[in-house]
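To begin, one chain is listed below as structure tokens, in the form predicted alone.
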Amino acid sequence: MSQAHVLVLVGSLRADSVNKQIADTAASLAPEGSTALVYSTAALAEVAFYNEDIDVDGKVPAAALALRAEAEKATAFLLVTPEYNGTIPAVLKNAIDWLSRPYGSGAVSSKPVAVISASPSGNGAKWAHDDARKAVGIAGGKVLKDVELAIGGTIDKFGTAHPSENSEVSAQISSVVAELVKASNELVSA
């Protein structure tokens, strides 16, 4: 059986983003026998907005090709998202768009996906969480039905501490990653 490999995509480009810290925590909590990689937010920032006119041989931008190549290696995806104006950030939606093509056989197609959202508000970026699940599901990802984590009140919950220092949140993140790895292993075994 091949090793489960989770690709983590973050919807915030900010260097000190709590969502980036959550993604790093998730990667560090990958179960033994699996790996998790947080895709570079700097690299995501370089991916051109999806445009079918440039999604043809010889025209696909290098940053989009690199994202697709890394996603092809993944056996599962974890999307970590804040909420911008009540929805999913453009950078994360753009990544989903590129990974959905060619439709029906894109890099995300039929692979397990989970979403973690976080925000200072009490709703934990739930709207963005739901929109991310919807978008990646339509894109062909196999969104895990009972695996959801929306972390609200991040300022009060973490203060200046790293999310990994919060044992309750770390346990919740670990559970999400473990479920992704389990789903990935089941898919490979089938």
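Residue indices: 1-based, along the sequence shown. These figures come from a predicted structure and were not determined experimentally.
Beyond what is shown, the protein has a form predicted together with a small molecule; the following relates to that form.
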(request) Please check if Asn85 has a heavy atom lying within 4.5 Å of any heavy atom of the small molecule in the predicted complex. (result) yes
(request) Report whether the minimum heavy atom distance between Ser17 and the small molecule in the predicted complex is within 4.5 Å. (result) yes
(request) Give a yes/no on whether Ser28 approaches the small molecule to within 4.5 Å in the predicted complex, heavy atoms considered. (result) no
(message) Quick check on Thr35: any heavy atom within 4.5 Å of the small molecule in the predicted complex?
(response) no
(message) Based on heavy atom distances of 4.5 Å or less, which listed stretch (120 to 128, 48 to 56, 157 to 165, 64 to 72) is in contact with the small molecule in the predicted complex?
(response) 120 to 128
